[in-house]
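Next up: a single chain in structure tokens, the form predicted on its own.
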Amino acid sequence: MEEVPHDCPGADSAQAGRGTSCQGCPNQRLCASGAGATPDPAIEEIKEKMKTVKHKILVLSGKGGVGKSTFSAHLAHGLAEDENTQIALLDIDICGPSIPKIMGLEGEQVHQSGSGWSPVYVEDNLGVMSVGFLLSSPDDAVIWRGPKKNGMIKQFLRDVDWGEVDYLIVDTPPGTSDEHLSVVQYLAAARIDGAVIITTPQEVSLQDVRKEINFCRKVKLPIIGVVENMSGFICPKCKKESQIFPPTTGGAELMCQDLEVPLLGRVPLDPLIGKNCDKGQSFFIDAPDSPATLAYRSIIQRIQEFCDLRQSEEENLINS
């Protein structure tokens, strides 16, 4: 289906194709016929595939350039430090796949087996999948409309042979577009633990994060919390903190208070993060005592606690 109007009643609504907001919509005839309400058979196939995945986390951002992919990569690295924990990192930023570069996997290719596509592994317990592995060159532009992007995401979720996985981390493109709607729709039946939303302190970023939070609430996607990235710069010599991106409206903390969303933590700027991402290495190894590393570790622990609590609550519901 093509882009829908803001007040779309939904393809499965009795007003589908007949409501006043449907006038002029390119999908009006399709919805009125009832064909748009037919459930995609891939949803059940993905639900079955995801039975081997314990926790599913989406990483979102309102704006590009706030460090969402960097956070996704380091969340994966941090969780994978426990050798008994299996991690999968899925990059659905179809037009701007940066995960292969950040994870040191540029030039790698996807291999097909009898059980589906095989992820590319950074470590024995950390597998990665990205459209970047399907391109002949990292400079190739992906110029796709929504339906083709949705088809690619469907394939990633249904056809990749992840095996037994403790955490599936999904790195999404910025905003609230086709990719976000697709991944939420396809994973809804398989249960998503929640979303981590990345922002920077300034208002120009926060105003888009508010939209992201509204999106999560509309599609009933639990919000694990917000991470304020690039939150000040601590000089390695004098240890004095400077605000490179001043929180002119109170930063993520005030926004989280207003919207009643948890603030998972703040990650300060560290030049080594960018250098390590360009080299395709984990920042945690080069700077284990950096304030940014300590902030990351605290945030990762809170995410694990959220997922464990959610799993415990669901098990109690099943057993009650």
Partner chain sequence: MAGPGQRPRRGRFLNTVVFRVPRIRCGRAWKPGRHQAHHPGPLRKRGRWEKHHLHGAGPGPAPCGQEGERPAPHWAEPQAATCIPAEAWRCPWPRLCPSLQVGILDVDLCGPSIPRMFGAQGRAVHQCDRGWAPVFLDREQSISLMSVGFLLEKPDEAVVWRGPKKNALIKQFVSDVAWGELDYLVVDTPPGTSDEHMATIEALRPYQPLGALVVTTPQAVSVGDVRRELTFCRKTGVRVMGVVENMSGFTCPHCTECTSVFSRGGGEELARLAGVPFLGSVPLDPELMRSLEEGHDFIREFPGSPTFAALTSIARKILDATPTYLP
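Small disclaimer: the values here were computed from a predicted structure and weren't measured. Positions refer to the first chain, counted from 1.
Although not depicted, the form predicted together with its partner chain is the subject of the following passage.
Taking 116, 222, 96, 163 one by one, only a single residue has any non-hydrogen atom within 4.5 Å of its partner chain in the predicted bound form, and it is 96. Contact check at 4.5 Å (heavy atoms) against its partner chain in the predicted bound form: none of 40, 107 and 155 pass. Proximity of residue 111 to its partner chain in the predicted bound form falls outside the 4.5 Å heavy atom cutoff. Taking the partner from the other structure, its partner chain in the predicted bound form has a heavy atom within 4.5 Å of a heavy atom of residue 230.
In the predicted bound form, no heavy atom of residue 260 sits within 4.5 Å of its partner chain. Its partner chain in the predicted bound form comes within 4.5 Å of no heavy atom belonging to residue 266. Stretch-level contact analysis of 188 to 196, 244 to 252, 155 to 163, 79 to 87 against its partner chain in the predicted bound form, using heavy atoms and a 4.5 Å limit, identifies 244 to 252. Residues from 132 to 151 that approach its partner chain in the predicted bound form with a non-hydrogen atom closer than or equal to 4.5 Å are 135, 137, 138, 139, 140, 141, 142, 143, 144, 145, 146, 149, 150, in the order they occur in the chain.
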